[in-house]
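Below you will find one chain, with nothing else, as C-alpha cells; this is the form predicted on its own, and questions on how it binds or moves follow later.
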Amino acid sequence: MPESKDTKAKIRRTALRLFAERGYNAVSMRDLAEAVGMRQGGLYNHFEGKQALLSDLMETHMVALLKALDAAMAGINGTRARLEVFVRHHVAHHLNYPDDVFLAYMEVRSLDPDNRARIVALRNRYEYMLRNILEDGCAKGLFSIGDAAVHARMLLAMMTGVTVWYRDNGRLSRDEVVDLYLDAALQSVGLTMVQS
C-alpha cells in the first residue's frame, strides 16, 4: 500500500478510536496528530479538517452497512425470512464495528448541516429497508404491530444497543446474542422462533 494511503488509513483508524473513546468535540486535530505520530499540518494533506474526517468515517460506515445488507438480502424471499436476515445481519454487523456504530449514532449532532443531511439520508435508506419488511408483513397479515415506521425505529434502537453492553469475554457467545435479539424481534411482531 502506498505510504499516502497507509497514512490516511492510520489517521482514520486513530480518529475512529479517539472519537469513540472521548467524543468528537473532546478530540482536537493536535490530539489526533500526536496519536498518529505526525505533525498537525500533515493531517490536512489527507483531510480538510476534523469535520471532513468525521463525515468521512460516518459515510464509510453507512455505505459499508448498506452494501453488506444488500449482499445478505440477495435472493432472500418471504417476509419472515427477510426480517430474520435483516435482524441477524444488523446485530452481527454492529457487534463487529462498535466504534463505527457509536460514531454513526451518537455524533450526528456534531455534523454540519450539509454533512448531516447526507448521513441522515443514508440512515433513512437503511431504516426504510426494515420498514418495508414490516409494512409488507402487516399487509399480508403476518405481523401484528401498530405503526411500521415507529416499530422499525424501535427495533433498530433495540438492536443497535447491543454494542453498548456486549463483550466477547461475557457468558454469551455472539451467535447466542444474535439468536436472542432475533427472538425478541420476532416476538415484537407477533411471531416466535419455532414458528414455521
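For every residue, the number given is its place in the sequence shown, counted from 1. If you're wondering where the values come from, they're calculated on a predicted model, not measured in any experiment.
Keep in mind that the form predicted together with a further copy of the same chain is missing from the display, and what follows is about it.
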Quick one: Leu69, Arg125 and Gly170 and a further copy of the same chain in the model of the complex, is every residue within 4.5 Å by at least one heavy atom? no
How about Glu34 - does it come within 4.5 Å of a further copy of the same chain in the model of the complex, if we only consider non-hydrogen atoms? no
Using a 4.5 Å heavy atom cut-off, state whether Ala149 contacts a further copy of the same chain in the model of the complex. yes
I'd like to check something about Arg13: if you look in the model of the complex, is any of its heavy atoms closer than or equal to 4.5 Å to a heavy atom of a further copy of the same chain? no
Contact label in the model of the complex: Tyr105 to a further copy of the same chain, heavy atom within 4.5 Å: yes
From Ala52, Met154, Cys138, Met129: within 4.5 Å of a further copy of the same chain in the model of the complex by heavy atoms is Met154
Select from 162-186 the residues with a non-hydrogen atom within 4.5 Å of a further copy of the same chain in the model of the complex and write them out in sequence order. Val164, Trp165, Arg171, Leu172, Leu180, Tyr181, Ala184
